[in-house]
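Just one chain is shown here, as C-alpha cells, and it is the form predicted alone.
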C-alpha cells in the first residue's frame, strides 16, 4: 500500500505504542493542556482513532501554575499481564509517575510516583521484574540513560539506578526504550534535541544492564541533512513488531511551512516508517535512514486505505476526546450541546500566564483550511483564536461595549499587541471565518475582510516551547455566556511531490 506521513496530524508529539488484544494503542504528550495524554487505537497501524485520554482527573494531572509547554512530557505505554501502564513526567511538579488500567476504555488509576529523576521515563517487563529508565547523568556528570528495578505495585525503587548507555555524543540524550529481540536487548534513544538536529540512535547488548554496543551507522534515522525538505526534526522513536511479524518505527517529526522556510507551527506530529533487520540482527529504518512523506510498502495489505479526515464540526467531534482546555477544566464555564457550546468568561484572559482562561481548543492539523463559526455575545468579548501560547496568538473577536458591538482582529506576537482592524457591526451575532495556507491566515467577519497574518509568528522558532497551534473558542472580560454554533473546519490536504515538498 501507499500511505502519507504524518499518520497522526497536528500537535501530538512523543508517540509511544504497544499492542494488545489484536489492536495497537498509542499515546502522546499533552504539555499544559487538560485532559492529559491523548490515547489512540488502531487495527492497521495507519488509521488511528482517539478513544480518550489517560489523565482525566485533577488528582492525576495537577497543572496549577504550569508554564506553557510545561506539564506532561513524553509518555510511554506498555501492556503486561493483562494491564496497561502509562508512565510519564509532570514537569510542573518535577515528578515521574505512572498510572494503570485493566480496561483501556475506562478510567486510569491515580498516579504512582517513582523517585528517579530525569524525563522521558519508560518501563520494561521481564521475568516478573519491572525495569524503569529515564535520562540523567552518570557518575562523571555525562549524559546517560539510567535504569533501576522497581516494585510495579508501589513504585518503590528496589535497586540503585545504573547508567547503562551514554549515547553517541549528541546533545540532549533522551527518550530511552528497551526491547528484547531474539538474543539481544536493544536500547533506542533520541539525541540532538527535538529540533532540526533531532535523530534516533540505538545500541544492543546481551545483558539488560549492558554493556551496549552502538549501531555502526548511527543515527539510524534523521532528516537533519535534508535541507529544503518539508519533514524535519524526526526523532523520539518507538519500535514495535506488528501482528504479522513486521517491524516499524513510530516517531515524531514536524512539517516546515515551505521548502526553504524553516518555521513550523502545527507542532510535532506522529510519523511511521518501516524497519528492516539484516542477517546480523542490526536494523535500519526508512529510506536511507530518513523519513519520507509518501511511503510505499508491501508490509501492509493493499486492501487497507488511509483515511485522512478533512471536515471537523461540533457534530462529528467529541467534546471529551477531540477538544482540550488550558491547564484545567471548570465545568461551570461551559455548556455543551450537539451543535453548540456556550462559554462563560472568568477572571482570566488568553494573555495571562499560568492561568485558566475560558477556552476550548482543537489542534490545527493541516496548513490549508477554511473555518467558520457563528458567535453570539451578550457582554464582554468572545471569539476564535489561533493559539500557540499566551504571548503568541491571533484573535478574531466580537465585543459588546456599552450598547455597541464591534469586531476586531488582534495580533499578539511577543510584546507586540496590534489591532489590525476594528469595525462596528450593530448586532450581537456574527459569522467569523479564517482561511489559511502554509504561509498566511486570512480573517473575515460576515464575509468582510478583516486582515491577514503570517503563520511564522506562531511558529516554534518564534514562540519557543514544544506545542503547536490550537484553534480555540474563548470568552473573556464578561459575566455571561457567549454562544458558539455552526462550527465547520474544512481542511485541504495537499498532495506531496516526489522531491519532498508540497505541490502548489
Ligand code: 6LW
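Just so we're clear, the structure is a prediction, and the values are computed from it rather than from any experiment. Residue numbers count along the first chain shown, from 1.
Form predicted together with the ligand: not shown, discussed below.
With the partner left out here, the ligand still marks one of 402-410, 378-386, 214-222, 71-79 in the model of the complex; by a 4.5 Å heavy atom cut-off that stretch is 71-79. Within 4.5 Å of the ligand in the model of the complex, a heavy atom is found for all three of 14, 119 and 268. Site annotation in the model of the complex: the residue of 466, 34, 457, 444 reaching within 4.5 Å of the ligand with a heavy atom is 466. For the options 324, 194, 358, 147, the one in contact with the ligand in the model of the complex, meaning a heavy atom within 4.5 Å, is 194. Using a 4.5 angstroms threshold between heavy atoms, residue 236 counts as touching the ligand in the model of the complex. Under a 4.5 angstroms non-hydrogen atom cutoff, the ligand in the model of the complex has residue 174 among its neighbouring residues. Along 20-35, a single residue, 29, places a heavy atom within 4.5 Å of the ligand in the model of the complex.
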